[in-house]
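Take a look at this single chain, the form predicted alone, given in structure tokens.
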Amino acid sequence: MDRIPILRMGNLLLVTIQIDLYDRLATNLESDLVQMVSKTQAKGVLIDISALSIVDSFMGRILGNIGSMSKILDAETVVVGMQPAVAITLIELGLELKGVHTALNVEKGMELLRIKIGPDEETDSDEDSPE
């Protein structure tokens, strides 16, 4: 069964979608991400969709669901790298990505997450501890 890798970076989860998502893969990603947020107590989720040229209504709903579910689990979600055609499609479909913040690229998305969730306490405490 195909899976999209979910990387953990401190209290953040990073997902880079490099292939077009079919429905089963998208629902697996939704389930896997919510499980990972709960398991790792992540405070932020960054989803890079820059490789996606098409986002249909189903995928738009999945992104919105991930944002809403993550928010319930006390994690912020940022989607980055949205192609202009994808943004136009989402608006034309009337899809709101509730609970999802957007940024132009990964760098700006990471900055936005840091602002939204504050400093990484785990990383900060590691930096303060003697070696």
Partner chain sequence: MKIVLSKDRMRIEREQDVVPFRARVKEMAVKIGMSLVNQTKLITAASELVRNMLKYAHGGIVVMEIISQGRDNGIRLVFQDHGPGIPDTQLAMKDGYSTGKSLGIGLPGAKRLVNEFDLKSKVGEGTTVSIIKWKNG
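Numbering follows the first chain given and starts at 1. Nothing here was measured: the structure is a model prediction, and the numbers come from that model.
If you look for the form predicted together with the partner chain, you will not find it shown, but the lines that follow are about it.
Novice: Just give me the single entry in Ala51, Ile88, Ile72, Leu104 that has a non-hydrogen atom within 4.5 angstroms of the partner chain in the model of the complex.
Specialist: By the 4.5 Å heavy-atom cutoff, the listed residue in contact is Ile88.
Novice: If you check in the model of the complex, is Val55 within 4.5 Å of the partner chain, heavy atoms only?
Specialist: Flag for Val55 set to yes.
Novice: Could you tell me if Glu111 has a non-hydrogen atom within 4.5 Å of the partner chain in the model of the complex?
Specialist: Because no heavy atom of Glu111 falls inside 4.5 Å of the partner chain in the model of the complex, the answer is no.
Novice: Given that the partner is absent here, does Leu13 sit within 4.5 Å of the partner chain in the model of the complex, heavy atoms only?
Specialist: Although the partner chain is absent here, Leu13 would stay clear of it in the model of the complex, with no heavy atoms inside 4.5 Å.
Novice: Since only the chain is shown here, I'm wondering whether Ile17 would be in contact with the partner chain in the model of the complex (any heavy atom pair within 4.5 Å).
Specialist: Ile17: no, not in contact with the partner chain in the model of the complex.
Novice: Want to guess which of 73-81, 58-66, 42-50, 28-36 is within 4.5 Å of the partner chain in the model of the complex, heavy atoms only?
Specialist: Of the stretches listed, the one contacting the partner is 58-66.
Novice: Across 16-41, which residues bring a heavy atom to within 4.5 Å of the partner chain in the model of the complex?
Specialist: Asp20, Leu21, Tyr22, Asp23, Arg24, in sequence order.
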